Structures are given as structure tokens and as C-alpha cells.
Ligand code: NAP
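Here's a solo chain for you in C-alpha cells, the form predicted on its own.
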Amino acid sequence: MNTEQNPNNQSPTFINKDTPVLVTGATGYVAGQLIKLLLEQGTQVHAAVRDPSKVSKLKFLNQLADTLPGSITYFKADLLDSGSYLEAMQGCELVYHTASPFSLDIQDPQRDLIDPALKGTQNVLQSANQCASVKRVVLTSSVAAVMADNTDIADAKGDHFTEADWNERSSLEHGPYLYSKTLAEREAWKIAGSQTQWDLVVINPSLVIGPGINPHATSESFKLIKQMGDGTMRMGAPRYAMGMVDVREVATAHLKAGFNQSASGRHILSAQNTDLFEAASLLKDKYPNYPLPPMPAPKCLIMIVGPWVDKTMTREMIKRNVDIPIKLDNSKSINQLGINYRPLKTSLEDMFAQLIESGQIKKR
């Protein structure tokens, strides 16, 4: 399947900015910053959430809507409730499907990750097939759908992971979150290729960091950066290699993928190839009085204690990713979406400052 071309051989569509735009998973980390950009340009946002009656969860979105030119209308919808997005989709030419679980501490991978990601994608895109106004769908995928482990570079189509690569190794047993993102994106391209009404554009971010509109977001990204500064990694951090990208750049990429006529295919979003220890070290200059990791944790030690400390960190995962550099190619996002990446240090400092201000990290 050639995902770098429009799957329907259509010319990319212009989106009428006066029509409403649907954002699924509207209370999510990426969705919040995307909705902020949409409201800034005066867009009518149809925000799909599980329960609009829980106004406390809508607090930060409402604060944006109160001060920006656009507007928000909330709709009740659920990934596993077939047809529940149809009402929210009416009149929308553009659909952003950002809703998908990102949790590593799960009990049942099939129930908690695979079903919401895969069936949710089917639900939203099948609804798009039934809604005549829809012209473009932008899917929030992940580099998890591009690669499973850093050692997979040996099987990549070049010396970097690019949009041409796919995760072929993850499974329910090995990297179930990565597996869920891969299954969901493959299904999205399958559904897109079976119709001619709308086209699909995909955003594939690496680990998303940076400040959210909600300082108490439940994203795994917040949990990880918090662990860097709350003493969890005070004995050292693994050189677990990964890409990182600011949530504000991810939101901008979504915006451009939706409204730019020429946007097509997949787009890796990643500001820098790094690892956990290197990333934590970038915080030391500005935050010397916090228990940041003082040294890299030896791989042999992580192999022994890692699975006991974190059940998601299996020995196979450690073997295939720790002390093995990652190489992600972000050139398409720069050349075709015009993304200008801010320094990783800035993203981390801004996020760390938000965690301190909200009382989630304290000085030692």
C-alpha cells in the first residue's frame, strides 16, 4: 500500500474554514493544543467527548473558548459506541481523529488498547463514509506505527526510519500500545482506500512533550517527565533512545494537514533523536535543585531491576532499545508541512515549569 499518495488518486481538497471542524478525544493532550489553534482562527469546533455533562473535564477548553474568536459545541461520543460520532460530524468538511488510548499501565491489552484504537478508528471513519459533508480526515497515529524497536533500523528502507517504514514486530505480548497504533493506522488506510468521498492525512508523532492546556493531563508523557524530577530516577535514567516532539508543533502539523491543499500521506513529527538520560540532563541548568537523574543507568542493571520496577519494561524491550540510538527522519514534516521545531530543551523546560507550577514536582 502506497500511503505517500492520496489513496483515492483524488486531488487534495480545500476545506471551507466557515464550516465546523470535528475533533475527537477533545479533552486529550494533543487535541487541547489543536483546539486552541482552531479557536484562534475563528473555527467552530465540534468537540466529541465521552460525557459532556462532566463540566469539570471541560474547564480548560471552556477557558480557551471564552477568550478566543472561535466557538466550541460539545457532543457525546465514544470510541466503542458505533455511530456515536455521526451527530458531531454533521456539516463538517474536516475531521480530526485524535482519540486513542495512550496508557502503558494496563490490565488487558486487547480490551484497554487494541479495541479502543482499532474499533474507534473504524467507528469514526465509517461515520465519515455516511456523512456527505466530510472531505478530509486527519488521523493522529504515532511513530509506533513506523517502528517497534530501535534495532529495527536494520530492516528499515534507509539509514533512518521514514514514512515508508511500518512496525512489523509489535504484538499483544511485545509492545501492545505500539501494536494498537499500527493496527489502527493500517485500518484507516484500508477504509480510506475503499471510498472516494474524503482523503486521509496521517500525523505520526514521536513522544509528545511540552505544556498542555490542562496541567494535570493524564498522558504518559506527563508521567515520564514528572518521574525525571520527582526522585523516581534519582539513581539514574536509562539511555532508552526515542524521538521527542513538542505538543505545540504536533498541533500545528495537524492544523496544516487539515487545511493545506497539498498535504498527503504520513508525516513523522519528531524534533530530536534523544534518550531519557540526555533529555533529563537538558533540565539541569535551569532546575539544579530538583532530583534529576545524575547518571545513565547501566543496561545490565536495567535488565535486572527494570521489569520489577515497571512491568511494561520487559527484558526484550530493554535489549532492543536501551543504548541503541534512534534515527527518525522528520524532513517531510519540515518540507511539506513547514514545521519549524523549537529546541528540545525549551520544550522540556516549559513542561517541567508547568509541572512545578501545578505542584506535581517539588524541590528536594
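Computed from a predicted model, the values in this text were never measured in an experiment. Residue numbers run from 1 along the displayed sequence.
Note that the form predicted together with this ligand isn't included here; everything after this is about it.
Shown alone, this chain has one stretch from 28-36, 62-70, 291-299, 335-343 that lies within 4.5 Å of this ligand in the predicted bound form by heavy atoms: 28-36.
Between the options T140, S270, T182, T274, the residue in contact with this ligand in the predicted bound form by a heavy atom within 4.5 angstroms is T140. For the options L207, L118, L255, I191, the one in contact with this ligand in the predicted bound form, meaning a heavy atom within 4.5 Å, is L207. For Y96, no non-hydrogen atom is located within 4.5 Å of this ligand in the predicted bound form, even though that partner is not displayed. Using a 4.5 angstroms limit between non-hydrogen atoms, D78 touches this ligand in the predicted bound form.
In the predicted bound form, Y177 approaches this ligand with a heavy atom inside 4.5 Å. The closest heavy atom approach of S221 to this ligand in the predicted bound form falls within 4.5 Å. If you check this ligand in the predicted bound form, you find a heavy atom from every one of R50, K57 and S100 within 4.5 Å.
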